[in-house]
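Just the one chain here, laid out as structure tokens, in the form predicted alone.
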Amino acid sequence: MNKKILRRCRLFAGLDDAALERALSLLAAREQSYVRGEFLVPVASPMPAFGLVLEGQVQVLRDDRDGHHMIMANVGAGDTFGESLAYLGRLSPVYIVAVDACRVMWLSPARLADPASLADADVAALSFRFTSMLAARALAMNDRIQILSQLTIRSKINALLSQFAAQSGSDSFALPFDREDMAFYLGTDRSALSRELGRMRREGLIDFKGNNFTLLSPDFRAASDGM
């Protein structure tokens, strides 16, 4: 067990070894490995547990009415997925796939959802951490909605790059997906995305190589929003 990876997660951050072991016991933690392309959770499946990625990366996807894939989230080591579905006991409206070989720790929130269990101080403390994690997830989804609500490809790119620049605290940063996945994430066509990125580079707004981007112009936000 890589405790350093576990403590990246808001749910376990700052816990000493004893408290971490107790939390994992309360959440009935179990580990499972997956190969690239394997489904962790098919659509319309029950999710009695949420996942914490220990190694590799998984994607949370949803298809629109025309069968086009939309990436709802890229989840890397130390991050989680499916918390709300597991807590509420809902069938999954999304499907979750291993991007590469990965290892996931499955965690059951059943004790946290049981009011009687909250009399246990350890459960109550873990429940507070879980609620905090859900609040942070809601803010992240708001960022996602902010991107998808943009009307043009350029404004979507601008919103995405601005968010990652703010998160990294730098004008240079790496996106967690390739160009095809970036198009899926933005809800647009890959060719149209590539053309727009090329135009933005020629205009001196950005530079990029692969998934590494740099914002070049101090007027990047204003210039992009004006398109």
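Quick note: we count residues from 1 along the sequence shown, nothing fancier. Nothing here was measured: the structure is a model prediction, and the numbers come from that model.
Not pictured, yet referred to below: the form predicted in complex with the DNA.
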>> in the model of the complex, is there a heavy atom of the DNA that lies within 4.5 Å of any heavy atom of R195, even though the partner is absent here?
In response: yes
>> Considering non-hydrogen atoms and a 4.5 Å limit, does the DNA approach L134 in the model of the complex?
In response: no
> Is L151 close to the DNA in the model of the complex, meaning a heavy atom pair under 4.5 Å apart or at it?
Replying inline: yes
> Is there a heavy atom of D63 no more than 4.5 Å from a heavy atom of the DNA in the model of the complex?
Replying inline: no
> So, D79, Y95 and R103: all three within 4.5 Å of the DNA in the model of the complex by heavy atoms, or not?
Replying inline: no
> Which one of S45, T188, S162, Q57 is close to the DNA in the model of the complex, taking close to mean a heavy atom within 4.5 Å?
Replying inline: T188
> Can you say which of 84-92, 152-160, 118-126, 70-78 gets within 4.5 Å of the DNA in the model of the complex, counting heavy atoms only?
Replying inline: 152-160
>> A 3 angstroms or greater change in CA distance between R7 and D181 is reported in the model of the complex. Closer or farther than in this form?
In response: closer
